[in-house]
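The data below hold one chain only, encoded as structure tokens and taken in the form predicted alone.
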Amino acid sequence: MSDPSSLLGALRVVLVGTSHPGNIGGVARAMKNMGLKDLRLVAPRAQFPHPEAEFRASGATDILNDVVVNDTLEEALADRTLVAGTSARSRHLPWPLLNPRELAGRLQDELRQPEHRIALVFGREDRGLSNEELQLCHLHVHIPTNPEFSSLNLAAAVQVLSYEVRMALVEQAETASRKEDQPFGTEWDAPLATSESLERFFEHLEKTLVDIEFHDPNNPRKSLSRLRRLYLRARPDSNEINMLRGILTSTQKAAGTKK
């Protein structure tokens, strides 16, 4: 059986607004248990590096030494092509929602393609990810804990998701080795769009819709969120994003809003 650690090493874990440095160390230990290496922090509330993080890492300080700290979630996700964010169920706008095992099933083939760069995003200990942050994610994942005691430690949440992804790769290696040697079909003709290029497209889309008076920024409703959901669900590649932006530019010219 092949060790999936070589594939999991490219799976990025992103922690947003972490309150307790010890939790960062606990996450590093959980990651190393499952073969993950790439840890990003977004605006941690306490100074990092921190002795408590090193103490809790207990043998995983090599992961802490390589941590990158970003000011914004957009920066941490800029080069990612698939982003899954942890979420509670109660959201105003329905979004593709998976449990950890379903997510792992989605990721097992993605991780075998080096051009597919994946991130798992975890929110603040006290209130998780904001709606705006969740809208940067292609998928939302919900850990179905006991509803009578649903609070889950940050490191435990990372452990659950990384374990499920690891086991999906292990089972795939055991039962579908021929699939690795003889893949069906042909390679895609363009890399998937990065999170950064998608955000530029969404900005262009909003401006165009305002220009043609389809979208009223003073009465936004949920149209832009629904369009964002649509395009994130479709997972366009870089050529498709360029084509869509070309359509937007032509629309602006036809409407007389762009010279």
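Note that residue numbering follows the sequence shown and begins at 1. Remember, it's a predicted structure, so these values are computed and weren't measured experimentally.
From this point on, the text means the form predicted in complex with another copy of the chain, which you will not see here.
Practice problem: Can you check 130-138, 109-117, 158-166, 71-79 and let me know which stretch has heavy atoms within 4.5 Å of another copy of the chain in the predicted complex? | Solution: Among the listed stretches, the partner-contacting one is 158-166.
Practice problem: Determine whether any heavy atom of Phe214 comes within 4.5 Å of a heavy atom of another copy of the chain in the predicted complex, and answer yes or no. | Solution: Heavy-atom contact with another copy of the chain at 4.5 Å: present for Phe214.
Self-check item: Proximity of Ser19 to another copy of the chain in the predicted complex, heavy atoms at 4.5 Å
Solution: So Ser19 does not count as contacting another copy of the chain.
Quiz prompt | Exercise: Phe202 in contact with another copy of the chain in the predicted complex, heavy atom 4.5 Å | solution = Flag for Phe202 set to no.
Quiz item: Is Pro44 close to another copy of the chain in the predicted complex, meaning a heavy atom pair under 4.5 Å apart or at it?
Solution: Pro44: no, not in contact with another copy of the chain in the predicted complex.
Quiz item: What residues in 36-75 sit within 4.5 Å of another copy of the chain in the predicted complex, counting heavy atoms only?
Solution: Arg56, Ala57, Ser58, Gly59, Ala60 sit within 4.5 Å of the partner.
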